[in-house]
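Quick heads-up: it's one chain on its own, the form predicted alone, in structure tokens.
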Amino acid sequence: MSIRIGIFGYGNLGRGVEAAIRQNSDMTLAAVFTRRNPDSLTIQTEGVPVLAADRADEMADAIDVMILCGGSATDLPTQTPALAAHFHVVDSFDNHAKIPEHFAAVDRAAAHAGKVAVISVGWDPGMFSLNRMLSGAILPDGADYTFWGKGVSQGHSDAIRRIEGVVDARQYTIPVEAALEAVRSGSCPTLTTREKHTRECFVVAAEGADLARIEHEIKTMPAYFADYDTTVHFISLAEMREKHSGIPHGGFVIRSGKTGLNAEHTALIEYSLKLDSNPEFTASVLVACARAAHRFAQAGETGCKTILDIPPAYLSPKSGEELRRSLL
């Protein structure tokens, strides 16, 4: 039987989830929920209802897993626990420092309701988290290094757009090349947050907005920009559409470690991503994790999970026999 998926929020990420569902033959789109006027929304899948967000509870029996596509700054901290009271859910909450707090809130709601929730999945947190765990287990004598970009961060861009007076924004995360080269040399350098990345922001402000205040709020925003060298450019809406309409991203996870009786040999593990579309790739991870959530539920489990808790085979539509034959 096909896994019935609901999409809660239909921005870039929601559209990516809709596209990813089409690539997975064991899934169907059951409904899309929006805070906008549902009549104003046109989706790409015929015959699927588009409903107001506050009507989601009415569809509890028609949806196996709800994929939440809101932002981490203000949407998911409230939406995920609320919806986990009625659905098995998956989200992409990406504020690393607040994941333990988010996990606890979602776990309470999901466990109480007898539901499964998978949080903070995408590529970081998500695939990068998994690779950090695996490489650390293999090379315990070593250090992890994560570099993001150059690319558009959806979460950071969304955080800027929430600032009063901001019409639109794109934030690019850029690795410091010298730091990347030092890590790849195997020297295990000690690097501060500021030494590894810079952040570049392109902002369209409302007419008459206080640009100095907006720039100050961006540069001092905790957990997003305060720990980085950040440059803010104010541009026109026309320039934003012309030069910054794409949403590319990517990055590297590197584990630099030592092997041997006397730790005399260097070993490097590197995992990298290069993405034309950040939201479409994130959506693809969310959809795979929706399959895992469904399998957890079928096994009778409840509560909150992360990518680190998911058996790899739960992510694949293939049977154990198929996986063993084709991948081992």
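The first residue of the sequence shown is number 1, and the count goes up from there. Quick caveat: nothing in here was measured; it's all calculated off a predicted structure.
Quick note: we don't show the form predicted in complex with a further copy of the same chain, though the next part is all about it.
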Interface stretch in the model of the complex with a further copy of the same chain - options 192 to 200, 252 to 260, 73 to 81, 209 to 217, non-hydrogen atom within 4.5 Å: 252 to 260
Whether Ala178, Leu180 and Ala223 all lie within 4.5 angstroms of a further copy of the same chain in the model of the complex by heavy atom: no
a further copy of the same chain contact in the model of the complex: Thr306, any heavy atom under 4.5 Å: yes
Ala53, heavy atom within 4.5 angstroms of a further copy of the same chain in the model of the complex: no
Any non-hydrogen atom of Thr42 within 4.5 angstroms of a further copy of the same chain in the model of the complex: no
Heavy atom of Ser272 within 4.5 Å of a further copy of the same chain in the model of the complex: yes
a further copy of the same chain: the contacting residue among Val167, Ile99, Met240, Cys188 in the model of the complex [heavy atom, 4.5 Å]: Ile99
Listed residue that, although a further copy of the same chain is not shown, lies within 4.5 Å of it in the model of the complex (heavy atoms), from Ile138, Ala143, Ile174, Ile235: Ile138
Stretch 101 to 125 - residues with a heavy atom within 4.5 Å of a further copy of the same chain in the model of the complex: Phe103, Ser120, Asp124, Pro125
